[in-house]
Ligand code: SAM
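Next up is one chain by itself, shown in structure tokens, the form predicted alone.
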């Protein structure tokens, strides 16, 4: 794993200083995954590529320095925690609806000495009620479609900030279907960038949505309404 990380970070033009922390994070992920379903990816080399380097690639596509960042539906911490390890100036919040995942992330942060990372157990549509338009950058690698993610994430994004959605390269149809929702929520697509994960043949996509006006107060709706009647 170490060599894969070193060569991958070098290819991305990123500092290798975070490698010891990423290695420890990987160890904790593999060990905890034996008793808790955190990831289907358990091979250390694949963890390095498909979790850590995939997350790290965002640092080459967007300026995270000194930004307040919330990772919505963070799961086992991706992409948020690798971003914070590699760019320590990030003010990070990790948000997930499953308490056991948040407990795992709290353990990782404590082990790595990341006392300034907020690990929050909650739903995005409820969290937005008290943290509306509070973050410079909102990231998500969640499996929900972009219409749903936009209603969950854009209300958390400050005007002038960006919602960064990690998607597959074949997401053109999904993006087209989400255009109305993005506009209603105060956003517009700023960039669509496809990128390769170093050392692999895997390509992913980052959809960068700029928040140019406030989201109407009625959004986000309850998740039941979001699911039943997508924007």
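It should be emphasised that the depicted structure is a prediction, and the values quoted were computed from it without experimental measurement. Positions refer to the first chain, counted from 1.
From this point on, the text means the form predicted together with the ligand, which you will not see here.
Residue 152 is the only one of 146, 108, 90, 152 with a heavy atom lying within 4.5 Å of the ligand in the model of the complex.
Heavy atoms within 4.5 Å of the ligand in the model of the complex belong, among the stretches 129-137, 96-104, 111-119, 157-165, to residues of 96-104. Although the partner is absent here, residue 73 lies within 4.5 Å of the ligand in the model of the complex, judged by heavy atoms. Although the partner is absent here, residue 84 sits far enough away that none of its heavy atoms falls within 4.5 Å of the ligand in the model of the complex. Residues 122, 123, 124, 125, 141, 142, 143 are the members of 116-143 with a non-hydrogen atom no more than 4.5 angstroms from the ligand in the model of the complex.
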